[in-house]
Every structure is written in structure tokens, then in C-alpha cells.
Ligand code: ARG
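Just one chain follows, in the form predicted on its own, and it is written as C-alpha cells.
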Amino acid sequence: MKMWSGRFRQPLDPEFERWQRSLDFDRRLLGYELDASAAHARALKSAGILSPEELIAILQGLEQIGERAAASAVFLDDPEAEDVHHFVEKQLAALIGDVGYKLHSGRSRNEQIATDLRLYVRAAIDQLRHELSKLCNAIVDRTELAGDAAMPAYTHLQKAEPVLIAHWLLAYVEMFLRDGERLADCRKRLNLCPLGSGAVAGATLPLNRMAMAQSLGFDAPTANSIDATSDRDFAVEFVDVLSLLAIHLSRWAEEMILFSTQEYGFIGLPETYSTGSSAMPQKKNPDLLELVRGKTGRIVGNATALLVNMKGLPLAYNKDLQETQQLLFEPADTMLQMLPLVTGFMKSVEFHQEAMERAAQSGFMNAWAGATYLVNRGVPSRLAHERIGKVVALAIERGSELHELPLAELQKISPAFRDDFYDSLKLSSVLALHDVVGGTAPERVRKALGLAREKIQSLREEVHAHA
């Protein structure tokens, strides 16, 4: 029996009926549907609609549905059920008789799907934040192993200044921690319960909405029934956050790909996350990294599609909203599959620290330190920049590094140069020079590493509190 068939005299076109069904993809919401239905059943009992015996029968029936679904995926293959809500009603009536139909008293599928999706996104956020904490922890572990080893930092893909390898890795930790914070913000805004909103105007029975909300772990009921049944802001925001997380992962993947090439030689790809070529026996290809980079486009595409789906919908519920579900599920699935693999890669990747350190000591990356030397000797900054530019030009002309130029030649450019200029160009001096909060001086990086550990621990505690 259809949930809406009373006023209809003709059956649906068979092709249309198959086409408009959503059970194939919203069956994944079954657990949330059962939880929300149990909360609604208790509210119905409190409102005097269900007797204690009927409530027990319904709760036991819902529990049995969950057990059967867990025991066999075939159980969910129902060619008649339109969606997960219809499926549960059908199964419940089959188990406990007509009492099962009383469960739908005072509620609408519009509020049911809005509730199920919020529960789904909330659970996905908790899982994702847990995976992010593990990824950040893996990166910080590698940061500690890197010690005070250095590498080139780049701007415009050109060598810029030397930094600690640890400082470079912690840049990604900052990105991923921000992603975790954005997910937490999204969770806070979505954690309101639509149950009791009815189809559009609110429930027709005196249901205790606060009790239903609290039983499902929501902070409070939604404030407006029209908004509650048609709102998918939480889905848009969630997938937007995943898009930015995917972009951060893609930037990480791109840099790892570059640094794994023979031209850079900074990292060695772990064989457990790489493949070979069917034609060229020598190849080791960065397949995990390339797939991370490639899947970013799909996640961003889903975010765009969600926005387009919502842009012209009048209030309140419209069937178009059914199309938002797969756009929501796919990015969450992709990210939940991807993050553990990225974490595994970070645990396995080999950093060629000697090659990185060699690269950090060529290419005039100590030029700004040289200009700072002149500033500290009273030369105005702009003039110091110009003088060191001339020193670099001279070094290029002679095919040497700055520290290889004779002092007499330097003093022709500026009398401020002294013997101690050469000490200021050493890698250790250049690194130590950046002694500010957020800088790459070794002591600053050690403090930053400790702070990162604290932030990761805080993230893990927050996730545990929601478990």
C-alpha cells in the first residue's frame, strides 16, 4: 500500500514508478530512520496516541527491522517500497499488524528525511574529524622524525628560502585542523531536530519536540516548520567543507608528486601506495596521489550541483530535494575512504633529507638573510635589497654562490660588508633568523609542534565526547 494512494484512482506508470523511487540510495539511512521513528513513537505515547503496549510493539518491531537488515543486505531489496520511510512502515506492519500504521500519526516524510539526513551528516562529521585527527597525528610524527633538517621553500614554484622540513609539514597540519574546525562549526548549526515539523505547518498532535530532540542527541528542535522541512543548508555547508578539505589534500598530493620526481628527488614513493607501468618496467607511479587529486574535482562538482539544485526552489519541500541525497552521500563516502589511505601514505613515505638539505643550500636562498645583515648594519632596507641584488647578479655571472664571493668584491658594492657576513649566510644562521611566532627558526618550530599536538588531542577529545 502506498503511503499517499487514497485519493488516486489510477496506478503510476510503471517506468515512472521505478524511476522516482529512492530506496536504492536512501536505504543507507535505515539506522537513522529507525532511531527517529523510535523517538517519534515515544512522543506519540506521551501524547496519548499510543498505549504502552502499542509503544512496546512498535519499538520491538523497529528493533527487529534493524536486526534483519544487519543480518542480510537482501532484506532491503524491496521492489515496492518507494523509499526508506515506506520500507520501514511496510516491514513494521508486516511484523506487528495495523498497529504499525499508527507510527505515522502526526508526522510527514518531509520531516523524516530532513531528520535522517541531519543524523547522517552529524555521524559523518564525527567520523571525518576522527580520521583527520589520525592524519594530523601521522604528519606530526613525521615532523618529529625530521628534526632540524632543512629543505627549500618555494614561491611561484621557484626556490625562495630554506625552511625546516618540519615547518613545511606543519603547514598541512594547520590546513587539516582548520578543516576539522569547519566540520565542527557545521555540526553545531545542523544539530537541531526537525521532528514535529509535519509536512510544512507543524505537527497536528501535541508532540513534545524537545524530548524527541534530546533523545536523538540534538541540541533543540528547529524553530520554523517551513524552513525545517525544506532546509538543506547543512548538506550544502557540509559538502562545501569537504570541497575545501579535498582541495587541501589535492595541494598536498600535487606537492608530493612533484617532490617524488627524479628532478626533485625529495621523497621516495611507498610501493604499497604506488603502481607500475604495463609498458615501462622502471616506472613507479604515484597513483594514490593522483587519485586524491582527481577525486577533488568530483567533490567540488557535487558541491556545485547541490547549490544549483537549491537555487530556485520555492518553500517548502519539493521532490527536487531527493536529488540532493546522492550529491551528499558520494563526497562523504569518498572522503571517508580517502583519509585513511592518505594517513597510511604519510606513515610510509620516505623523505630524502640529505637531498632536501643540499637543495636548501643553493640557488641564493640566503639572499634575504644577506639583505637583513646589511639592514642590521644600518643600511636602509630598500638599499640593502638593491645591494644584495647586485651581489646575486655578480654570483650568477661568476657561477658561484654568495658565500664564495671575495670580501673585496662585496665591499665594492657596499662598504657595510664585513668578514661576519659569511656567517650570516650559513644555513643554520638563515633558519635561526626567522625567529618569530610562525617562523621556521628551530626553536619556534619545536614550540609549534607542541601546540599542534595539543590541538590534535583537543580534536580527539571532542570527537570522543560525541561518540
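This one's a predicted model, so the numbers in the text were calculated from it and none came from an experiment. A residue's number is simply how far along the shown sequence it sits, counting from 1.
Just so it is clear, the following notes concern the form predicted together with arginine, a form of the same protein that is not shown.
J.: Taking 4.5 angstroms as the heavy atom distance cut-off, pick the stretch from 243-251, 382-390, 105-113, 343-351 that is near arginine in the model of the complex.
T.: It is 105-113 that comes within 4.5 Å of the partner.
J.: Heavy atom to heavy atom, is residue 361 within 4.5 Å of arginine in the model of the complex?
T.: Residue 361: no contact with arginine in the model of the complex.
J.: Within 4.5 Å, heavy atoms only: does residue 317 come near arginine in the model of the complex?
T.: Although arginine is absent here, residue 317 would touch it in the model of the complex, with heavy atoms inside 4.5 Å.
J.: Residue 208 versus arginine, in the model of the complex: is there a non-hydrogen atom within 4.5 Å?
T.: No, residue 208 stays farther than 4.5 Å from arginine in the model of the complex.
J.: In the model of the complex, does residue 191 come within 4.5 Å of arginine, counting heavy atoms only?
T.: Outside the cut-off, so no.
J.: Taking 4.5 Å between heavy atoms as the contact cutoff, choose which of 224, 322, 204, 376 touches arginine in the model of the complex.
T.: Residue within 4.5 Å of the partner: 322.
J.: Find the only residue in 255, 330, 89, 83 having a heavy atom within 4.5 Å of arginine in the model of the complex.
T.: Partner contact (heavy atom, 4.5 Å) among the options: 83.
J.: In the model of the complex, which residues of 15-38 put a heavy atom within 4.5 Å of arginine?
T.: Heavy-atom contacts within 4.5 Å come from 22, 26.
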